[in-house]
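Take a look at this single chain, the form predicted alone, given in structure tokens.
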Amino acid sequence: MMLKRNQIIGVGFFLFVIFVAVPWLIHVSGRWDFYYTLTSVALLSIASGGVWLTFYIGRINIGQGAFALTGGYVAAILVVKYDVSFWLTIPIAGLFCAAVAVIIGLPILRLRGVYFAMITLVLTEVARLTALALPITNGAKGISSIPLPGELSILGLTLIPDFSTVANVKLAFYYLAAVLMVLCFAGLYRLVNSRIGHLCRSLQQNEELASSIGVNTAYLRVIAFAISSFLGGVSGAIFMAISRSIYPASFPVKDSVDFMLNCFLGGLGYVFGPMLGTFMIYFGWDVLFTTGKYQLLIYSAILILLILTLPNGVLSLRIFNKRGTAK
């Protein structure tokens, strides 16, 4: 699939802003704390992108926090207890979460609407209670004092230096999260505009009709849920490395709800909706901090107003020219 000229310009500008303009502005202002903020936004948008994919097949996923927590624990256990390289734990954590999603998804993906949503909502609490109960997760104490990512090299060539030797660790994590975010949404964009993506969209519109023309609906649902959970596991693994700790309460039910809200606010019909929604909710909450005890009330009122006035998300505004659409 060939990108149009204006799309190429838009992508180039977006990459320039992320990898050049933002670091330069932070360097000039001296606000190094923004690196951690933007890194968090990038990782949250990756997890939200996974939730968006399940929306794309017509399912409401409120359990992404469970897979982010699972991914964080898998990575932490491998690094601390088995001395596995952090760079290997990223795909391992994602694949582990994807495998769990397949096992869970085979029976529950047959459910529709609110029934599937309610079961996924329970998953986050189940993951938390499991982390509290298992000896390998160290219970309520969690896993702390996790070392910084070491060097990544192939055939003697250093691809990524040891994070303990870099001058600015926050900048290193920012670039890591930004690269993964770009790869995540580029992959989602390619997926939804492929043959499989069009088949997945048919599930959203009419599953019976799709099944009647030979579409393997069960297979597509499980694949989408597995990819969604993979992204949640990857984001959790990197969160673990940034905070250098993981606890049962690291990803509560509220995070799972926020992942879903990010998709609604950005736009369910747009691949890049979760990214924009995450940015708006994360920074919007911080801006409203100055309102004190009215923060939650104003925040909720604004969200409800936006959902009522823009049911297709902020990206449905004409100024965006539907560049992020999944159509």
Partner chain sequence: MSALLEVKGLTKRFGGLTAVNDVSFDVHEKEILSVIGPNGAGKSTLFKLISSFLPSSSGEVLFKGQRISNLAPHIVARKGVVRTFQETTIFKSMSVRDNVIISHHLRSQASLAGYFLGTKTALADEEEFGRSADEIVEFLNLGEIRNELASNLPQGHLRALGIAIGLATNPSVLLMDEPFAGMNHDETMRTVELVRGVRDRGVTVLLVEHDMPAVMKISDRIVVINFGEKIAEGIPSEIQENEKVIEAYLGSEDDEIGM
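Numbering follows the first chain given and starts at 1. As the structure is a computational prediction, the values presented were derived from the model and not from experiment.
The discussion below concerns the form predicted in complex with its partner chain, not included here.
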Please name which of the stretches 190-198, 119-127, 236-244, 88-96 has residues with heavy atoms lying within 4.5 Å of its partner chain in the predicted complex.
-> 190-198
Answer option from N168, S153, S211, S144, heavy atom within 4.5 Å of its partner chain in the predicted complex | S211
Might Q205 be said to contact its partner chain in the predicted complex, defining contact as any heavy atom within 4.5 Å?
-> yes
N216, heavy atom within 4.5 angstroms of its partner chain in the predicted complex = yes
Might V182 be said to contact its partner chain in the predicted complex, defining contact as any heavy atom within 4.5 Å?
-> no
Tell me, yes or no, whether A226 is in contact with its partner chain in the predicted complex, where a contact means a heavy atom of each within 4.5 Å.
-> no
